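This document opens with one chain alone, in structure tokens, the form predicted alone.
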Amino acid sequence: MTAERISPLIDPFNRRITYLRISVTDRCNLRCRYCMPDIHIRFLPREKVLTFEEVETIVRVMARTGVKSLRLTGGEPTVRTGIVDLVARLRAIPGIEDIAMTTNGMLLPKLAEPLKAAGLNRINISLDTLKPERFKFITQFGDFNTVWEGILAAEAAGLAPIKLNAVVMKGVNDDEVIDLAALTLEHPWHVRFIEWMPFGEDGAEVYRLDGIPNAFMPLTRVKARLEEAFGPLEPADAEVRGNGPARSFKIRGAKATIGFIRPITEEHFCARCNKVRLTADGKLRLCLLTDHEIDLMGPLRAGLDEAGLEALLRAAIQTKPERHLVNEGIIPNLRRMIQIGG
């Protein structure tokens, strides 16, 4: 179905907004150390989380203004009761062409097929290591074999492309980048390496991880390691289907690509940003790495109609920053990654 399009959402830097990431919950069944460190995060009470009807309303208005791609995130989106129904409801909205999900994969063995049947197109699965004991260390509650079964279930269900996301951490999992990249030689799974993004708190060292004082790893070094092992990486013939910022390459003869997402070290990373984020508590977050947000839930629950919501969205888009300022020492601290959904 196509939506009756109206004037598109264009930010002050002439970037057209076509992509919405929706955090459907701040809860998760894992406790990954780089995403949800050992601090006291209080999960939202149910009444503070957007209802499916509220999510539908926001998406319906945004679809009319040119948003055509959605990604469901969390926390962990598969722990939200009724997630399959939500996918079906969003799929029915005119103008929505693509629905993706980012998940830790723990519940995919039973949910991959129903999600595909409901209208989910494709999936990203977090996989920071291929070593079961290390997987347990990083995730604290995770089981590698269950996630591997989830990847296979997603493939069997026809969710494609499958992308495996690995956050590279020096001294934690950087010794596995060659093994992770080698998955593309045997499987049609796209491996994407991601730089660890900082979310500070009270001036703490944002890249400290269990005694490792600085676990940040620039992906330029990862690429160099891969080329030492596999030879020069070839630029991918075409962008892998998706809306994200990965720069894609291939090992010669591989079945899938290797992507590098460099929000910290890529100079022009923000220049092509086409996305905004909707948090589980109904805030429109204009940039992942800045704390500026606009409340949508409050006005909706106060009776704001769709015309008013459209006006609010248009005003909000005009406050989207040109770029993040992490490299100038301005680190977001309002939320942790788990409370945004990446």
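On a predicted model such as this, the values are computed, not experimentally measured, just so you know. Residue positions are given as counts along the sequence shown, with the first one as 1.
Below, we turn to the form predicted in complex with a small molecule, even though it does not appear here.
For residue 257, no non-hydrogen atom is located within 4.5 Å of the small molecule in the model of the complex, even though that partner is not displayed. For the chain shown alone, residue 35 is a contact residue for the small molecule in the model of the complex, at least one non-hydrogen atom being within 4.5 angstroms. Looking at residue 167, you'd find a heavy atom of it within 4.5 angstroms of the small molecule in the model of the complex.
None of the heavy atoms of residue 191 is located within 4.5 Å of the small molecule in the model of the complex. Residues placing heavy atoms within 4.5 Å of the small molecule in the model of the complex fall in a single listed stretch, namely 159 to 167, out of 218 to 226, 159 to 167, 87 to 95, 266 to 274. Among the residues 173, 121, 73, 184, the one placing a heavy atom within 4.5 Å of the small molecule in the model of the complex is 73.
Site residues 102, 337 and 341 are all in contact with the small molecule in the model of the complex, judged by any heavy atom within 4.5 Å.
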